[in-house]
Structures are given as C-alpha cells and as structure tokens.
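Form predicted on its own, single chain, as structure tokens, below.
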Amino acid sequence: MKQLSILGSTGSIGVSTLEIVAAYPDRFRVAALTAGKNLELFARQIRQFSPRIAAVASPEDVPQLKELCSGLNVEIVGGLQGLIAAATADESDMVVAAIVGAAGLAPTAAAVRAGKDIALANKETLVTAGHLFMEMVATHGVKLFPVDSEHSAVFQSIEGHRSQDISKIILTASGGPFRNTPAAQLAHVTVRDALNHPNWSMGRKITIDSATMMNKGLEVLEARWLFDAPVDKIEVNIHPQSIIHSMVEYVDGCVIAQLGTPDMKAPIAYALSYPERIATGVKPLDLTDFSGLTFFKPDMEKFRCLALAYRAIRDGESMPAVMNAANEIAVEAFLNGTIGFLQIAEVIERTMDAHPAHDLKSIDEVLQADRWGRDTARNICGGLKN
C-alpha cells in the first residue's frame, strides 16, 4: 500500500490522481491533501478519501473548511506551514506535487528534505530552482518521477539506454489554439479565445501558458534539469495531433518516441506505479484513426514567450525564476482583463531586461528572486493599457 500526499488535489492533475486512487484502493491510500480556493470540491475529496491532514493555501479559509468537514476525523491546517505539514506527513511514501506555479516550490522542497519520493507535476519547481532542487534529490536519496506528459515520454524513451548515447531530446507541443493564427491577429485575442485549447483539458493558468507557448518554454527548463541535458540538445516540435508526447534521438540516428491518447491519467499512473504499469481507462491509441502525424518548428517571433524561456536559460541562474514570476503575474493580469494577450510577453521581457542575473545559493534566494520578479512585473503591468 503506497500512501500519498497530493499537493493541489482540486486542480486537473490532482483530480485525475484521485480518480486513479479510487480505482485502486488496494494499492494507494491518501495521507494528506492540499488545495487552493475550491473549498466545496476539497471538502468532498476529504470526505471520500479520509486524509489525516488537509491543508488550504490561505489560513483565512481554515474556519470555512472546518465547517464543511464537520464531524470528520481530519486535521485541517492552512498557509505555507500547513502545505509543508501535508507534504511531510510521516505516513506518506510519495508526494504528488501538483500545485500550479512557484507556490509549489517550498512544500515540494520540504517533502524532499523529509525523504519523500516525488511525482512532479509542478514544473516551476525545476524552472526556478533547478540545480538546487536536483542536488537536494541526490542528497536525500529520493526518487523523482516526471508527471508532465512530455517528460514522462522522455523518461520512458530513455529507459534502458545510456545517457551518453542521447544526442537530442525533442519535446512536442500541440501549438495551442493559435498555432495557425497569423501573428498580426494575436493582438485581438480574448481570454475566451486563449482558453479554448484544442487537445488538452487543463487549468486556466496552464491553458494560457499553452496559448503563449510559455508552457513549452517551462518544459524546456524542466527537461534541462530532469535529464541533465544542455539546452542546445533540447528541441521543440509542433505536433498538432498530440499523439507523440516526446522523442529522444540517439547518436546512431535512431529516434525513440512515446505515443498515446492525450490523457494525463496515463503519465500520472506511471509515476505512481513505476516500474509497473496499471490500467487507467485511457482509450487505447488506434493509429488507423489518423490520416497522418505532422511536425513543424515553432515560430519564435510569433511565440515570443518560448524564445524568452530559452534566453532565460542562457542568461543565468536567477533569470528563470524571475521570468517565471513575471509570467505568473502577466497571465493573471491577462485573465483579469487588465493587459492584452501580446502584452504577456512584453511584461516578461521588460522584467527580464531589468534583472541582473546572478547565481542562486539557496531556496530562500530563489524565493527572493521570485518576489523581485513579481513586484517588477506588477509595476510594469500597472503602466500598460489593454
């Protein structure tokens, strides 16, 4: 029986994880859950899965959650220390890190220090604190399993092969809702347009990141640290069908790819059950249903956020943390209607231009860079007109 702490249980990854737990009650049990603002759903999850600890991101929400969970034998806590308590629960064997954004860094790092294996869906942990986090993983001897479909695909494609034989990692991207939209029309994109992803069902923030292709830029950064690969060996291909989730090219010219129906339950289940595979209910892939699989290079001028992510890697260690912080603020501003779609990239670029990149020696320094990026991006957003 594997006991799980699920950080971000009301998000799309958390909900899918709990569906797998419900399907395999003899294999998995929930030790702790955390959530943000969706308290009604969170309370239903607590009633169904009976965690010992339930943590909400905001301490102000603790009284309401306690009322919703009246009569249940659960410890309800809030704030960062509450998230850390859930992430480090004594009985937990594995932490599913699915909090969106840099907010997931501190509790995920705490879980590593507590010796918990990690199923990582929070790419920002590696984006903001790459080498520090990987050093912690090595120091504490924990296992790290990627949950993002692209990184799970790479992980599966390198199984049984020598790292020195890898010549290139190829991350695929759907291209989002605007892959065929002329660049000149992007200035008129609405929030509704940007949230209309053609292939995947995700949360609002990640869906906007997919529309700008920042999500793929964050994945390049994640792959750089997960697989210890230099950035010039990580490539992005637009693959509209989202059937091949990523590929690995080897020095002999062979390419190994992982294919599957677009459904996050498959990579989640693989991370939870590794090295075994378990049935997920995901529709089996029938390639005869497709007239063809297509690939092309992304337009770095049209999708400036992807280019900015590559720049952040090359600029220096603190720059990815600042870039990620600026992106979170800019996406929030776009969703709130205070800036336009194209201004997301403008906010990020101006924030990066104002930042002198420097080395990061601790998680606290990462969080300082994150705060600086947020403050700077907010000021820039305040000066823009949609």
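Since the model is a prediction, treat every value here as computed from it, not as a measurement. Just count from 1 along the sequence shown to find any residue number.
We do not show the form predicted together with a small molecule, though everything after this point is about it.
Is it the case that I99, even though its partner is missing from this view, gets within 4.5 Å of the small molecule in the predicted bound form, heavy atoms only? I99: contacts the small molecule in the predicted bound form.
Answer yes if any heavy atom of R47 is within 4.5 Å of a heavy atom of the small molecule in the predicted bound form; otherwise answer no. No, R47 sits far enough from the small molecule in the predicted bound form that none of its heavy atoms falls within 4.5 Å.
G203, heavy atom within 4.5 angstroms of the small molecule in the predicted bound form: Judged by the heavy-atom cut-off of 4.5 Å, G203 is in contact with the small molecule in the predicted bound form.
For M264, is any heavy atom within 4.5 Å of the small molecule in the predicted bound form, or not? M264 belongs to the contact set for the small molecule.
Please pick, from A325, V30, V347, A35, the one residue with any non-hydrogen atom lying within 4.5 angstroms of the small molecule in the predicted bound form. Looking at the other structure, the residue within range turns out to be A35.
Tell me, out of L105, A119, L83, V236, which residue has a non-hydrogen atom within 4.5 angstroms of the small molecule in the predicted bound form. Looking at L105, A119, L83, V236 one by one, just L83 meets the 4.5 Å heavy-atom criterion.
Segment assignment from 203-211, 236-244, 281-289, 164-172: heavy atom within 4.5 Å of the small molecule in the predicted bound form: Of the stretches listed, the one contacting the partner is 203-211.
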